[in-house]
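The form predicted on its own is given below as one chain in structure tokens.
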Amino acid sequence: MRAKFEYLAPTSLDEVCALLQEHEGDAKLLAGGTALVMWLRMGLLSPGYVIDLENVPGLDGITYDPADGLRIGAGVKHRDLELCPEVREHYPLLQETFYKVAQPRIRLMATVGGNLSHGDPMTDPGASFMALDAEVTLRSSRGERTVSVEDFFVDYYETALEPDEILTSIHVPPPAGPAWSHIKFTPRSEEDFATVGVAVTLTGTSSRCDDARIALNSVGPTIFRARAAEDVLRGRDLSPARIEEAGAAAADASDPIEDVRGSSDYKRDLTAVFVHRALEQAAARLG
């Protein structure tokens, strides 16, 4: 049976925050709708109120400043971020990631903020934002706060968002020239969720790693950084043996579930393989 709810269409962020506070715990935000509408139809959610963000200004901008970095409104569509010239030039990891999300019809509707707020551990953008040390701005009637993307993902479909908060923007620091890679394995089609997704940034030289960030999706209850794998590389050489060791450490840190995409052991093996490949790609870009 489909859920019945009251539809609300605010025209300002202040009004959104007031409605979230008034209906705390019983309201859901509607942006692109690619996830929410499906969950409503399946009966997995039954909110009393759906708050449409379509007429709320200030959520759809993309700005880049060399000193400040990239600022992305939560309402920006995946396709707009994918095609943004500044993103393509300065943040190719993001361009590559968003190009690989589902297919163009989905990317024309899905919003960046909605994707992150959904907290789905199998989606790709969160891992790439995490590898770039991004943070999100959360707003409520009580004020604003910023949270790193790494801390934003808490557990399976659970984020740091409080019931009366809305994610308004994403900030990515100025690029410091990191080498990067994004790689994922989809078993059935390119539109499918990844069995394993890997986002990597490296700084250093072709033979030595000064710093590393390795973020994984689809192989745990949430998107996460493989810190033990990063420690294998940081301040050390980027030899084939070191890269293989890092892949093994990332696999050990994973906690995949068994589902139609494969067994837990199979996914751990894939994690080692794809982290290895991603690191090789990133290391080649250092050169």
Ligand SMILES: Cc1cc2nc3c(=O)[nH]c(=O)nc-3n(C[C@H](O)[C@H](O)[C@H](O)COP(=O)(O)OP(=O)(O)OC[C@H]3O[C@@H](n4cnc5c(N)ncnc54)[C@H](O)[C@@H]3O)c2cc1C
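Just so it is clear, the model here is predicted, and its values are computed rather than measured. Note that residue numbering follows the sequence shown and begins at 1.
There is another form of this protein, the form predicted together with the named molecule, and it is not shown here; the text below is about that form.
**Q** Out of Glu86, Asp192, Glu158, Glu144, which one falls within 4.5 Å of the named molecule in the predicted bound form, going by heavy atoms?
**A** Only one option qualifies, and that one is Asp192.
**Q** Could you tell me which one of Leu29, Ala251, Val232, Leu70 places a heavy atom within 4.5 Å of the named molecule in the predicted bound form?
**A** Partner contact (heavy atom, 4.5 Å) among the options: Leu29.
**Q** With the partner left out here, check for me: in the predicted bound form, does some heavy atom of Thr34 sit within 4.5 Å of the named molecule?
**A** Heavy-atom contact with the named molecule at 4.5 Å: present for Thr34.
**Q** Does the named molecule come within 4.5 Å of any heavy atom of Lys184 in the predicted bound form?
**A** Lys184 belongs to the contact set for the named molecule.
**Q** Would Thr111 sit within 4.5 Å of the named molecule in the predicted bound form, counting heavy atoms only?
**A** So Thr111 counts as contacting the named molecule.
**Q** Can you tell me whether Ile166 touches the named molecule? I mean in the predicted bound form, with a 4.5 angstroms heavy atom cut-off.
**A** Heavy-atom contact with the named molecule at 4.5 Å: present for Ile166.
**Q** Given that the partner is absent here, state which listed stretch (127 to 135, 166 to 174, 88 to 96, 202 to 210) has heavy atoms within 4.5 Å of the named molecule in the predicted bound form.
**A** Checking each option against the 4.5 Å cut-off leaves 166 to 174.
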